[in-house]
Structure formats: C-alpha cells, structure tokens
Ligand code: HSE
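Single chain ahead, written as structure tokens, the form predicted on its own.
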Amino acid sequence: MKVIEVSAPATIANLGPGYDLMGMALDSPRDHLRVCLAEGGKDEIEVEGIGGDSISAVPDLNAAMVAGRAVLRETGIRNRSLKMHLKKGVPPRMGMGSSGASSAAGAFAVNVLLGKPLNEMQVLKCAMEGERASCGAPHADNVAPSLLGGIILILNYDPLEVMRFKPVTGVEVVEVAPVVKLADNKTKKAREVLPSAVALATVVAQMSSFATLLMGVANGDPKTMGSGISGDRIVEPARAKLIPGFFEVKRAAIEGGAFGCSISGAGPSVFALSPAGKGTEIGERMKEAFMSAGVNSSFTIHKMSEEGAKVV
C-alpha cells in the first residue's frame, strides 16, 4: 500500500468584483490529508479537526474523496480503493474555501501517489469535482489557488485556463468571522440571493472595479488592488443582507486604514487588505463594528501565500 500526507491552504474567493473568477491562497490555516492507495476494497474516509463533525464521511459526498476518485477515473485506474484521514484546519462554511482546500488536497495527493500522470490543469479539473460534490457547482475560484498557490485569475472554464500571479507584498489579510446563524447549504443560499439581471450602468461600474483589481494584482500595488476589492457593485450588495452590520464593518475597515474590504468568498466572514503592521488595529475596529450591530466576532491575521497544495 502506498501512503502520502499532503496539505492545502485556505483561500479567499472573488476578491470583491471577481465573482467565480479570482481567488488567493492564504498562509494559514491548512487542511491535512493522509491518503492510502490500496488494492481492492472500499473507499473510506475519517474526518476530524475544526468543524470535522459537520463534514460528511460518506465517500460519495466528501469533497476530498470525490476529487481523489476523479484522478483515478481520469487516469483509468481501476480496482483500487482510497483510505483517507482528513484533519480540517480550514473552518467549514465561513468563506475561507474549506471544501476547496479538501478538494485540492484530495486530487493533489492521489496524483502524487500515482507518480504525477496528470498535469496541473488536469488535477485542477479533478479537484473541481470535489467542489461540485460539496456545493453543487464545479467552480475554481477557491480550489485553484488552494492547489496552485498565489493569486489566481480564471481566464476560461471551457477549456479550463488560469493565470497565476505572485502574492502582493507589504500587506496583511484580516479575516473577521461573525457568529451568525447559517443556512444548511450556505453557499447555495449565497448564490440564490444574487440578481438575475443587472443594469448596464452597474455592469460598466463592475468592469471598472474588476479592471482596477487586476491592475493592482498585476503591478503588485496593494492600494489599487484594495480599491478594486472594495468596488463590487453586484454580488456584495446582494449578499450583504446575509451579514448583519456588513456595511458598518466595511466602513470601519476603510476608515481604519485598510486598502480594501469585502465579503470573504460566500461569507459570512469579511476580509480586509491591510498595510503591514496594521492588521490587528483594523481587525479590532471591524470587530467593534460587528459588536455595534449585535454580532459577536473574532479575527485572524494572514498573509497571501505563494504556496498551494504540498506534500508534508
């Protein structure tokens, strides 16, 4: 039997106006996955760690297992079973790419066990199947940066094509997690509240914000990147109603010196791009704003990471 242990990082998807098209890897936390490739038998997975009791241990419903099986299917491997032990470090349902980290870890690990027969884009497609099993849509904005690291722009889904940028330096990422009641399928609910039609003027403003975000990332300019992050005209206003006090929290971050602020992935966490050394101060301001809205919260400080999934 072959055994490997890998890890994959938390991510923040969308980055404001980059809905389903952008995401960035964080330096922490990470999911850890141990995988054994066995002859015959049945697939099995055990889950522990942060929120582990909320993650399905049914192989067909677990993102890591589904992604790993997709690699076996893609390579034509039959009569093999996967035994997995997943230790969650990325908290589920908080907007930090929990299922994306598990999916990236599952696909990456099995590909390494097999001697890396698949290239990065093939592994990414398999990892996206884990996302499909977890939240119903095979999007790559979380799983791509978790697998590849850095800041990812998805150029095309069919055929799948991505562009990777280096992390922007001299900044901290403040992640504020509010204590709020979540829907059973939080990501699905966050998609359902989005508008089905948008005014042309709003689309033009959104394109401007997205272009600003891209220029900031490409030039390594945190001020420009932050301006783009803060300029979401479509998704953020629709999802803000699911996060009590969101606009007050965003205002507190900007007035406290953040380069930009928006919803972290599908929420309910809120993230801010902070100058290096100011993350704690900005996090406290955001936490106070949540408290004024009657919501308890906690915050953590991160850096963007160039490192994606890796063998431990």
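Throughout, we count residues from 1 along the sequence that is shown. Computed from a prediction, not measured in an experiment: that's the story for all the values here.
Separately, the form predicted together with ligand HSE exists; it is not shown, and the next lines address it.
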Contact with ligand HSE in the predicted complex, heavy atom within 4.5 Å, among Ile55, Ala266, Leu37, Ile243 goes to Ala266
None of Arg233, Lys88, Arg93, Arg239 but one has a heavy atom within 4.5 Å of ligand HSE in the predicted complex; the exception is Arg239
Partner contact check in the predicted complex: of 223-231, 68-76, 112-120, 138-146, the stretch with a heavy atom within 4.5 Å of ligand HSE is 138-146
In the predicted complex, does Glu288 have a heavy atom within 4.5 Å of ligand HSE?
no
If we define contact as a non-hydrogen atom of the residue within 4.5 angstroms of the partner, is Ala13 a contact of ligand HSE in the predicted complex? yes
Answer for Arg191 alone: is it within 4.5 Å of ligand HSE in the predicted complex, judged on heavy atom distances?
-> yes
**Report entry** Distance check, Tyr19 to ligand HSE in the predicted complex, heavy atom within 4.5 Å
**Finding:** yes
